[in-house]
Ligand code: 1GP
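The data below hold one chain only, encoded as structure tokens and taken in the form predicted on its own.
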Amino acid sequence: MKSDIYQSLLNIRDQKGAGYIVLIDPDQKNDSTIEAHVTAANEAGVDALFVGGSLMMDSKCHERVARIKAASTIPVISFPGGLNQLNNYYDAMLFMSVISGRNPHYLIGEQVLAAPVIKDLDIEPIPTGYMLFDGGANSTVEFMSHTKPIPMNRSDIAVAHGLAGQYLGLKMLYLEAGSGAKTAVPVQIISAMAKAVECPLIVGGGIRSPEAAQERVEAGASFIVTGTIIENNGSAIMKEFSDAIHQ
């Protein structure tokens, strides 16, 4: 198996206070900017790249992941939207179960289909509980997974799901408001989760400013993920996020 990316992420958290991850969707809309995007991440202090999306609109996903890996000097981690996105260009993958939902296919069905392929490709799996929150944007993942998001004002529901994931042996919890979310996961939710569970918290979706990212780190997030804000505002803002997240 490849190097221990999970442990390297924990080391980054311990050394820097929190880690900064940029999400790249390897779809056709990013085709002409992939190398520039990755080079900017290398130079801005980004700690890792998540690569993936809920819906691939053409057949060149694997080719783009190869280009990302070739240009990257930091870990490239699969953020899979489906089995068809797996390939051997990743350093690791989030082996995710949508624990906030009740759709059995995304709780265990897709994982059973993917597991033999992951073993054959020799990709490091990082067991991760994916928790979708209502970011107010009717996200693609909500539609594709038939998952009802957790309300933003229910810390108790969030904590119960997080504890269940921890007790099931998951190593990380991903608190996600969805791509293009109008509202990010609130600091109150993050704080309640950080006090109740021991798993590192990854927080993404709707984080539009370095200040908002820093607030979520101070509330207990171990890793901050940005995606849409970088796509919409260019790669220069990555350095501002990196400086705000690293404590």
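Computed from a predicted model, the values in this text were never measured in an experiment. We number the residues from 1 along the sequence you see.
Quick note: we don't show the form predicted together with this ligand, though the next part is all about it.
The partner is absent here, but in the predicted bound form a heavy atom of Gly178, alone among Pro210, Pro200, Gly178, Pro26, sits within 4.5 Å of this ligand. With the partner left out here, this ligand still marks one of 58-66, 178-186, 33-41, 212-220 in the predicted bound form; by a 4.5 Å heavy atom cut-off that stretch is 178-186. None of the heavy atoms of Phe133 is located within 4.5 Å of this ligand in the predicted bound form.
In the predicted bound form, this ligand stays beyond 4.5 Å of every heavy atom belonging to Ser235. Remark: Val225 counts among the residues lining this ligand in the predicted bound form, judged by a heavy atom distance of 4.5 Å or less.
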